[in-house]
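Here are two versions of the same chain, shown separately as structure tokens and labelled structure 1 and structure 2.
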Structure 1
Amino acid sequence: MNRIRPFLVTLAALALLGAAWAQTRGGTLVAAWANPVGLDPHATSAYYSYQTLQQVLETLVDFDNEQNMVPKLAESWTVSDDGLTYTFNLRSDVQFSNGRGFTADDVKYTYDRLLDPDTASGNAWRLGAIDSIEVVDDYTVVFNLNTVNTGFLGKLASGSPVGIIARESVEDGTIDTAPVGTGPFKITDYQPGTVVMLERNEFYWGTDANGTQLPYLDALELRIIPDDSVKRSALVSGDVDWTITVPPQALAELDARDDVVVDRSAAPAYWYIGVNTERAPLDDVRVRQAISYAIDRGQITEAATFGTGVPTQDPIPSVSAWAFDYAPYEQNLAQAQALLEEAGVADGFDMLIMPTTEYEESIRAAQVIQAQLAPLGINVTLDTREWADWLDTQGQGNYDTFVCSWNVLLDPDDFFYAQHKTGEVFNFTGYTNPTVDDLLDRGRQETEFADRYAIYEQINREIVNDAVYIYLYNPGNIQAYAANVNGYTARGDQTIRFVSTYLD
């Protein structure tokens, strides 16, 4: 035994050394992907498009795996005392994947295009605070804001929709098929609905701790496989190395396998029932509260996510530094009934709930909600619509309630402002509360964490009490991959990064 031990130690050391060598270079990662809706970052709003573009485009600032703000294309930055001017010092060693050097002009070009009303970008709202952008010199760029917004840097870090693009890619039309960026990979072939092929960007500036140029992989093959159970089969049978989504029904089985890694992280996202506050009797806060008291979020989460989500009564996940964990609505049918009586609808009423075929979990959630509201005499009818129809109906405010989610929310402002401020474009519920409006603006101007926390805690309380969104659960971000895929982490912000990934 004693004689064997040194041998084993040597073996282990050799194995470790082998692992260190293995991560040098090479290989193609084949991924089961989902269908991007176009690749121009300013023309799409689909998350699968963003996740494709995350391999190609980079932002000025970024979040690391622990959600700390870190430099990316900007080495450093300063903010003026009045909070209205941001000056970024850019890296001077960055080249686009076509070999041209990256400068401040590219930053200005990107955001001018994004914010141009003719671009009609679904992402312009993120950067609405920008008044103008000035190029000081090749590596210095100044953003002038029209209003103080503490969360502004976070918006610049919000992934590929705000990533820097090369002007020539717009001018020659490749922006729709192979947008040119400074990221670790470049797109070499895009066959809509079939595959996206990427190769290493040989001009990439990033290196690992040992000074080895990143990325390690030679290429990425993103195969678009529409059906989730087929994605699972492709992974299990070794046709793909990695899959973007996992059918929740298959998680237990995948967890038990040695050749597959299931990677989970809490997603900064929430599912909710959106309530039309302009329709009777839902315009009465007591009716909305009654619904919130009547539902069992645990059951809904179990049915919708097969237990991968976490039931919640307010939007921000408990793992966040901004969590408030405000939970006044323990399921209580007597309380719900009393509220309905107060509101004059003691016998219940008819109500539509609108899930979408695009997200099966919304249908499963709506079915459970339907059953849970029946004892109160609330006669719920499912108004299930396919995505294009759903978007149209919701946009026109033609609904009683709907089930949907908000994704990739980092600053507390992201959780509340666009959704709940009076007259804001994404305030689909018609909600208006002067106290909340005032607090939302103050939250943008305050810079100290403790002060901001107090403000958003109050906003959270108001919105949960008004039951304008009836929060259901925080979903998980789950990806699965073969055991030989290393250097990949499922990230809390749902971005996908293969820059340090390698195969062994």
Structure 2
Amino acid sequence: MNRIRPFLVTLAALALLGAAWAQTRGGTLVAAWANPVGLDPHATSAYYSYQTLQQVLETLVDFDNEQNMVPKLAESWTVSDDGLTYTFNLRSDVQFSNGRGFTADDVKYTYDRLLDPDTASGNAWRLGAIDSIEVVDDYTVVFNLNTVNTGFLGKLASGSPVGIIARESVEDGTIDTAPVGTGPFKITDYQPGTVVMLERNEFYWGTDANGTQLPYLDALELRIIPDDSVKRSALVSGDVDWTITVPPQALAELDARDDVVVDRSAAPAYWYIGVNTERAPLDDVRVRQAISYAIDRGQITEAATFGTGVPTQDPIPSVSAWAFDYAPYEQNLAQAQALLEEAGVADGFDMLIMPTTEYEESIRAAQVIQAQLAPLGINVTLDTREWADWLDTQGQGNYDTFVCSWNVLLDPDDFFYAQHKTGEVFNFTGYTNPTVDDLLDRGRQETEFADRYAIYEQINREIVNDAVYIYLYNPGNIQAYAANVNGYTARGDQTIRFVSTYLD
């Protein structure tokens, strides 16, 4: 017996190791998701599209969980003394999910397509003015900039909108439904409004600290569930393992459960009222300022987020080093009325506000805004639309005002450039301010923090004063998942990544 016992102990230990392996390898994570609006990273502007693509596409450089710049598809990089030339040395062990090797040609192809005017990408603004992209050899690529862009590396780390794509998915026409990337998963089925299915990329290059190939999961099933309360019910009933949004009114109940984890981080994001500056009387800055004076942001935030957001009058949250805390608009109905009288609309006017069914908090916010503007005679009608219709209507400029958010914003340029630079694709309000345009260009070229801070502080003040965006609150980044989901963390940059996630 004594000689057999050590052997039995060894077998028991191996069995435990096998059980531990089984906990970290395999299985399908079922996530309550929302509907992507196209999966071409150069064409879409939808948050849920980007988060889907986050599992598929990778960038040259990346941010870690503490927002430090780290290598990704590029092992290293150098920047010329004049700040105009960026040279990237690429990994040589990377394959796309179709098995083809990744090279510098793929980097050039991706960014040439992104910057091509015929592509008309809303994400081209991220890169600024690029003179040329040169392939030196299979694993060296050079970006030559026309002007200094201090935030250039950060833009290259801004997630799936600038992720590397394989040209095959453009050439065969599947770029909008199943783009091919180098990421941990590949899309195998996309049924709009129903589900996105992803399977492990068998060619994925990434490994964990022990050298084990990632990802751990066999597959992801992203179920399209538009209603947040249904997402919550699916989570607590065990129908899904993870949910991309949590109804804020359910947070206390979910926090109290032993079988659910509520994961929070600060969000580099803001919610706002976008105002069409090309429609009277909203084209008058005094009318826009009157609206900003009339609203109570605390009430709006409480109704929209059930206390999980932080009221704000400018976009950058207080946790950021770039926060300015400019707040000239405490609620003042008398001041609002005086501005309306100066603008010649003392008796008020009719106004549409456009929320979307995709974000229930946009409807709750719009309802409070509607009530708060009524004492001024501003008769607000809610024009609530499905997400795809909302995006199209916004893009065509066929609105008075809308309620929405901007997300995944890290550099101060991210908070202002695409939204407020004259003629930019995402400048849906028609806003133009030569002072802001000049400052935005200068902000990209300034390298010293203090000088750059002063530039963006002035940009922030100009835009808040012009009330083209009427800022409401900074949200939290909140996800919830079953207690047997491990290796997932709500990230400070809002990107959702399942590469290290596994199921107990």
Partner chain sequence: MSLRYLLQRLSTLLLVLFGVSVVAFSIQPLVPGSPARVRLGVQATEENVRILEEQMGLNRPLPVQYADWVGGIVLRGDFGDSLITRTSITDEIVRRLPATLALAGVALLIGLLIALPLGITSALKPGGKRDLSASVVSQIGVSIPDFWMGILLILLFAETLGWLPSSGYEPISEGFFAWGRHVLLPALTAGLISGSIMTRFVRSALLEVLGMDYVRTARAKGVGPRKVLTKHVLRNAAISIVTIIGLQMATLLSSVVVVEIIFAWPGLGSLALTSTLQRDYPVLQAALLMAAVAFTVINLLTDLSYVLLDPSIEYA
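Quantities reported herein were computed from a predicted structural model and do not represent experimental measurements. Take the two forms, find the largest set of C-alpha atoms that superpose within 1.5 Å, and that set is the rigid core. Residues are numbered by position in structure 1's sequence, first residue being 1.
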Exercise. Just checking, which of these two is the form predicted on its own?
Worked result: 2
Problem set entry | Co-assignment to one rigid part between the two structures, Asp118 and Arg100 | yes
For this session: Measure from C-alpha superpositions the angle of the smaller rigid part's turn against the larger one between the two structures and state it in degrees.
Result: 18
For this session: Just grab the Cα shift of Arg279 between the two structures for me, core aligned, in angstrom.
Result: 9.8
Exercise. Rigid core superposed, Trp322 Cα shift between the two structures in Å?
Worked result: 3.6
